[in-house]
Each structure stands twice: as structure tokens, then as C-alpha cells.
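Just the one chain here, the form predicted alone, laid out as C-alpha cells.
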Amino acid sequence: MTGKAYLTGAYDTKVGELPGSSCLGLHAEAAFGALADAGLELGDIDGVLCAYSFTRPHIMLSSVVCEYLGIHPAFTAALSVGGATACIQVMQAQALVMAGICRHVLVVAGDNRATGLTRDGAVAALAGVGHPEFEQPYGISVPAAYALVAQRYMHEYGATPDHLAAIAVTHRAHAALHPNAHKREPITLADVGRSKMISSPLRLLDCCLISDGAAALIISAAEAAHDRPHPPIALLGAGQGHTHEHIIAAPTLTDFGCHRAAATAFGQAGLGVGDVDVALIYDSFTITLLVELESIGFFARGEAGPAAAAGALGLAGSLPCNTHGGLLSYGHSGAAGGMFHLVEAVRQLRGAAGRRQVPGAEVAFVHGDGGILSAHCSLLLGKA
């Protein structure tokens, strides 16, 4: 094993409403869980990458987490790229181990948003997403910005509310098979259609959850990935794509930086969309996934919605997607939301996903996006 970075440990905490949890406590649980999974001790870690927190905001969260854990790494940093953070953390860890700066990098993210953040606090935390001069004064919200994308996409390609709802229903069916999922109760297309309108055409069940929880991975250098408890998972390719920050500056409302990010990752891996056995793609809203599936290239324009309605994203479909239930049903606690996708990818490639297992899964595609489809990072993972 040379020339690559390897995922040697993975762990996620319970998700949902976890009374008494804290941001740092969740970070610690996830970190020690990933270490145990990799068969490592805290002293083996020489790099730590954290994300950000709404309930424990700090300009140097990685230093705070290291202090809490009692670790003094050779390298530490906190990244803040919205929902793309987890994938970019892994990409950064890859660079550290391939450059010889670190042997084992802990990447961790988490927050107790469900029980540790008031409704007003959540609104205030997300208020800064909009452009200060051209969006915020007019009251734009994150759901409204994604609804704008949905309206344009539906106008151009004829997607229907039921196409969006099919994504939510499929994700809930996957979550029902995961013992730790935040929401496991089955839902129907009618349930989605009856749920509260948030910003037309997006209803409550088109929107991701707000959860407590954390997740962590260990990224190891090739020479340090031997003799771990589980076969290491290789990072085959990685790429980023960025077209804008504020939605008013987006060059288009139907094609985003995920196109470039995925093309770079596939190029590095020498693979194509047809080689992917399981996909874990950011799903902050149903429209997020629908647009990204097409922008990445898994489906032609206008075809992802009908495909989802026909079951293509299910476990027995042509592209099993978000097999843990995604942000829509498994859980979403800030940057850990994207990390949950990565943990599920590792479990699928290990053959350890239980009733959610995709038979013979050897290649996983993971994608995170931050902001209003602003920052994008794609990863290709495979069995070593």
C-alpha cells in the first residue's frame, strides 16, 4: 500500500435528541470510538482536524478539542466550509499523510444542535449565510434559497413535488434499517405532501433534520495502515469545485461546483459513474440531492426525479444512495452531517452495514456541499 491515504477508523455516536450531551463531549466520544475502531491510542494521533460548532462557537475549535482530549498533535486546524467540511477534512488529511507531515490524522465533527440550541439561536446562526447587502435585508433564509433552486429546476426540467418526495420516502426507508437513525418511522408520498410548507415548493419532510451527534474518522499514511483491526479503505480520488458563495452570484441555478469536484475525483481514481456501487451525497433538502445527482453525472438532465420515483436510489436500485438515511432521516448535526455519510461509506465497503448492506460494494462515492450549493468536495473510496 503506497501513494495513498487510507481510512482506518470510523465511528459515529447516537444521533437525535440527546439530553445532557455537549459539543465537546460528543467530539470526545466520536474520537475515542474511531481510535478504538482503528486499534490506536490517543498518543498515536499526530494530526487533528475539526470543524465548527453552533453551540460551542470558538475561533480555534480544533485547539479547544485537543485541549479537551489531552492531546498535543504536530498539526491541528479547524475548517469551516459548511456541509462540505467533512469531505474537505478528509482531503486535507490525505494531503498531510501523503506529505509525510502526519501518520494518523483524526478528523472529527459534531454538535448538540437539537438540545443545545434554541430556535432563535439556530436562526441567528444561519442568518449570516445570506449576502449582507443584497440578501439579508430582504429576509432570505436557507430554505428559501434552496426553494429558489427548486423552482428553477422544476421549471426547466419538469420535476414534480412527488419526485422530490420520493427521495424523502426512500431515505426514510433506509433509516428504518439503521438502529441509530434519528427518524425511523415510515413515511409515504402523501405524508410528504401533507407536511408543513416551509418555502414553496419545499415542505417540512423535504428538509433535513436538526440533531445532536458526532462522527470521526482516522486517516492513515500507507505505511501506517497495516495491521489494523479492519481492512483499510483507500481514498482513490478527491476533488473540489466552487462557483459562488451567495446564491445571487451563482452562474446558474441548475448546475453547480459538484460537476467539477466529481470530475476531478473520478479522474484521479480512473473511474466513472458506472463504477460506483453506493453513493453518499449531501441531502440538506430533497432538491439538493436531485440537482447534484444530475450535475455530477449519475443521471441525465431531468431524469433523476423519475428515477428516484421508480426506486433507483433504493438498496435494490441502480444507484443505492444514502443507505443510512442521509441528513433527511438519519440525522444532521452540523459538519457531522457530512461525516455521517463518510462513516456509512466505510461500513458499506467493509461489508458491515447489516440490513442496509449493498451486496459486493467495492467503490463508494461521497459528496459534500456547503452553503447554498456553494462549496463542493467529492471523494472516491474503495477497498484497498
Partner chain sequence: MPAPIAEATAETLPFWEAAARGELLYQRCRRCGKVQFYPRGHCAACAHRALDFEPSAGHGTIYSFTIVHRAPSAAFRDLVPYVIALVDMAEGFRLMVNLLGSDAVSGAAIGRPVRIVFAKRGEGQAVLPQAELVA
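Numbering follows the first chain given and starts at 1. Predicted, not measured: the structure shown is a model, and the values here were computed from it.
What comes next is about the form predicted in complex with its partner chain, which does not appear here.
The listed set D227, E133, E223, E185 contains one residue whose heavy atoms approach its partner chain in the predicted bound form to within 4.5 Å, identified as E133.
Screening V273, I248, M98, L189 for any heavy atom within 4.5 Å of its partner chain in the predicted bound form leaves a single hit, I248. Under a 4.5 angstroms non-hydrogen atom cutoff, its partner chain in the predicted bound form has G139 among its neighbouring residues. Under a 4.5 angstroms non-hydrogen atom cutoff, its partner chain in the predicted bound form has A147 among its neighbouring residues. When contacts are judged by a 4.5 Å heavy atom cut-off, A300 does not count as touching its partner chain in the predicted bound form. Interface membership of I281, defined by any non-hydrogen atom within 4.5 Å of its partner chain in the predicted bound form, is ruled out. With its partner chain left out of view, the stretch that reaches within 4.5 Å of it through heavy atoms in the predicted bound form is, among 70 to 78, 89 to 97, 176 to 184, 152 to 160, 152 to 160. In this stretch, 303 to 338, not one residue has a heavy atom within 4.5 Å of its partner chain in the predicted bound form; the partner itself is omitted from this view.
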